[in-house]
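Starting off, we have a lone chain in the form predicted alone, written out as structure tokens.
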């Protein structure tokens, strides 16, 4: 077999598919992806840690995507190339440090009351009756939270949600060179104008927002476009990935009413439940890397310039690490899933995502005693990189 992360079997039955794949080795060449694929938990974790041999830098592919395109598209590519998760040290370190302090466990814990207020507001807007828990709940909460902590007007969230969707056409593209130009350039221009105004405001009148902390950080000087890029990344990553985690978790609970009933009766287990939802329904199915130096991995010689996929979905269903990996265990502990990445590039917003997901699920289950599907639960829509399920139509009642 040649591993195909986007085939139906890999999406719908990852335990069986990747167990069969690993019989041929934990590191394999995939003709489907023209890349090496790392399949075991041990290899994927090691891949995340090995920043020397496996580069996260995607600026080369973005630069090639801009060749022959408009100046505006080139500026959009330049903006995305400033995202820390697409760079290696020392640039990655310089971009990450000014933002890192704003997302420590203590800093995120201080946001809990604010997150509760935002979740309650979203629940108030639902009322009783039919609703789409993706569009009316999971999509609104993370966007409102990240807008609030960046000091943006939450009323603008509909605008930047649209911009994020358009930027995502480039960010998630398997082939960035085929990304549509107009929506990407338009979104980048809107982001630059929007955040340039906010950055200038913070310079004139510092506030207590995360954006103010970044602007006035004395750890590494960022250029104007890098500052805007950092804000764009936080906005994009801060709501897009958490929305997908919440939506996928809700779809799983609706498919398994017994699990929903159990979680309703055991709210103290929501934290471990979030980790399990991240293991089986986290937004990232794999992370791309580029071979920087010739080296051996899994008995194979990897050559500079070759592509590599760290198959998070395979690692998170590895029976050598997770007992009965196909079973959703909301009390699974320990749960060393790799849904938030690992090593240098571990997700900066992981603590915030956990907080938002915990508060959102607990509050939803407390508010409504009846949450039932109002139609077919949407099937998984996936690529090699990620997956999600939307809409999530439900009937709600107290």
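Just so it is clear, the model here is predicted, and its values are computed rather than measured. Numbering follows the first chain given and starts at 1.
One more form of this protein should be noted, the form predicted in complex with a small molecule, which is absent from this view; the next part is about it.
The candidate stretches are 185 to 193, 234 to 242, 299 to 307, 71 to 79, and the one lying within 4.5 Å of the small molecule in the model of the complex by heavy atoms is 234 to 242. Taking a 4.5 Å heavy atom cutoff to the small molecule in the model of the complex, the contact residue among 92, 157, 279, 290 is 92. The listed set 211, 171, 284, 148 contains one residue whose heavy atoms approach the small molecule in the model of the complex to within 4.5 Å, identified as 284. The small molecule is not drawn, but in the model of the complex it has no heavy atom within 4.5 Å of residue 38. Taking the partner from elsewhere, residue 345 is found to have a heavy atom lying within 4.5 Å of the small molecule in the model of the complex. At the 4.5 Å threshold, heavy atoms of residue 360 stay clear of the small molecule in the model of the complex, well away from it. Interface membership of residue 103, defined by any non-hydrogen atom within 4.5 Å of the small molecule in the model of the complex, is confirmed.
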